[in-house]
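Take a look at this single chain, the form predicted on its own, given in structure tokens.
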Amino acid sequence: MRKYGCSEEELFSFLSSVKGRDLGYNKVLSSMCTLPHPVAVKAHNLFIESNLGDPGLFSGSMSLENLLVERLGTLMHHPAAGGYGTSGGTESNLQALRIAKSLKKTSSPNIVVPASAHFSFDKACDILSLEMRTVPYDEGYRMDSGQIEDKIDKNTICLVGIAGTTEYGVVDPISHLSDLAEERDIYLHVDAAFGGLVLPFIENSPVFDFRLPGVSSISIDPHKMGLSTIPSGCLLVKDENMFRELGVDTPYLTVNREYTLHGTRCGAAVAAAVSVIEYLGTEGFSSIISECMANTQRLISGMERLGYPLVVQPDVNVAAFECEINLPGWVISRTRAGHMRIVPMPHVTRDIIETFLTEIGEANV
């Protein structure tokens, strides 16, 4: 730490130069985050000092968290869902597994996940000392329904399905998982960090939410397709009493017990997430999702016309191709199988798609 502070002008000159080294989103085609909506930024700044870890001091902020849970619970067809604002899918997934582990006591607990599972489950299993059993893909890069039961035994505490996989944008057979969860009395967690704010706005999309009776919890990330500020996630549970499994005493705060993972929690991000939901409504979200899906289909048709086959038809705005080109100036990513992966987020406009297709076409000449 320097002995004497610098001037504000010097400080922000330094910060501007540092920020200049960050990549802008203009040619970023790999990220599942996007530019936050202006109302999210404004709301975030308005609640910048809010700490949801001490709700008695910030009762207004807590009311916004309750509203966020109610709005997302209703979107998931369960207005009475319990929940709270998390830092994102990693925390939500970890907390869901903590609940599952507490609900079913066994000396050798295991969970069953698809091969598409996000790496947050690796972290969670390491922290919680859980065995992770992985079900291979089927031909559509979804969890192979025929192999799930082979992984389940008396020590299985949780089944996991993904609604909008990170690599291929597909939805696992959540309905089948729900049936198994009910038959075997096993906790079912749905990781809808990405698809949770996409699938409800697409006609005839696969059912993945609380309409399925076996679903116990769902993770959703407003900082992805919710256009909120980072970090912003939400964990929803079918019965809020499930959170009692996580409660710890907090004697010196304005509440006596809490069940969240973080102690100090960012109220600003919750305010930002609620603000976008309230500002856009279902019509606004439907319009944004429709545009993203249209851009995804344009990308698919353009790539296939150039001779780069689509690996699998996605359920959300993620597309993977058999293409080995790494186009200079563009940020794409690759799946574990080596396929080119592109996510047409709201910042990826039709003009950006057309420019990318033109340049990749020229690179193929």
Ligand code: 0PR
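One rule holds for the numbers: they count along the sequence shown, beginning at 1. The model shown is predicted, which means the values in this text are computed figures rather than measured ones.
Unshown form predicted in complex with the named molecule; subsequent notes refer to it.
Heavy atoms within 4.5 Å of the named molecule in the model of the complex map, among the stretches 56 to 64, 32 to 40, 302 to 310, 321 to 329, onto 32 to 40 alone. For the candidate set Gly169, Gly83, Gly89, Pro114, a heavy atom within 4.5 Å of the named molecule in the model of the complex is found for exactly one residue, namely Gly89. The partner is absent here; in the model of the complex, the one residue of Ile162, Ala96, Leu227, Val274 having a heavy atom within 4.5 Å of the named molecule is Ile162. Although the partner is absent here, His223 lies within 4.5 Å of the named molecule in the model of the complex, judged by heavy atoms. Although the partner is absent here, Lys101 lies well away from the named molecule in the model of the complex, with no heavy atom inside 4.5 Å. Residue contact check for Val270: none of its heavy atoms lie within 4.5 Å of the named molecule in the model of the complex. Heavy atoms of Thr156 never reach within 4.5 Å of the named molecule in the model of the complex, leaving it off the interface. Along 165 to 194, these residues reach a heavy atom to within 4.5 Å of the named molecule in the model of the complex: Thr166, Asp191, Ala193.
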